[in-house]
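One chain comes next, on its own, written out as structure tokens in the form predicted alone.
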């Protein structure tokens, strides 16, 4: 029995069971405006790419849901259900000491991804879940493989904007980036890229 829990532009997310386990099924949606053969190829490619990125992230030491099955015919990934809360939903409700602990986990995990050429593509606190004290990253649907600091900068800039737009404590991103720099040799170059991206967008704020 599948229960639809989220419907996005690219995919539907279902809560279901698989071999006795509670699982999440991410199924990419057919786009009627695309030629059928092209649509199938695009959805298959994106399904495969997301699964490979998740496996690469796990190999880099980043916690992600375990993948149980990949069905390219159905364009779906069957993965572990994480019983936890999105970081977005609770980080504003906890004290600064615990906020800082979570931000350090975020920074260290992103550093591990970037060091291994993994760009998440949609790093926001909506795509991070804390379950049993572990920080999990989800939804690699917009991700890619890249060793370019430009792409790393875009990844981190997105997170910075998400923190500033959604969360009250404006030190959250600073704490993330401090830990990121400690764990990633290219951190200072990524910082420069973020400021370049901000300048191109004609923003006044800088990462200091």
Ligand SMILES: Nc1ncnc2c1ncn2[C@@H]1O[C@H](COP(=O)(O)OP(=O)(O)OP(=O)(O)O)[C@@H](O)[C@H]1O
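For clarity, every value in this text was computed on a predicted model and none was experimentally measured. Numbering follows the first chain given and starts at 1.
A second form of this protein, the form predicted in complex with the named molecule, is not displayed here; the remarks below concern that form.
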Checklist entry - Is residue 129 close enough to touch the named molecule in the predicted complex, meaning at least one heavy atom pair within 4.5 Å? => result yes
Next on the checklist: Is it the case that residue 4, even though its partner is missing from this view, gets within 4.5 Å of the named molecule in the predicted complex, heavy atoms only?
Outcome noted: no
Next on the checklist: Residue-level question: is residue 115 within 4.5 Å of the named molecule in the predicted complex, judged on heavy atoms?
Outcome noted: no
Next on the checklist: Is residue 153 near the named molecule? Define near as a heavy atom within 4.5 Å, in the predicted complex.
Outcome noted: no
Next on the checklist: Tell me which stretch of 175-183, 30-38, 156-164, 136-144 has a heavy atom within 4.5 angstroms of the named molecule in the predicted complex.
Outcome noted: 136-144
Next on the checklist: For a quick check, can you give me the residues of 75-92 that have a heavy atom within 4.5 Å of the named molecule in the predicted complex?
Outcome noted: 79, 80, 81, 82, 86
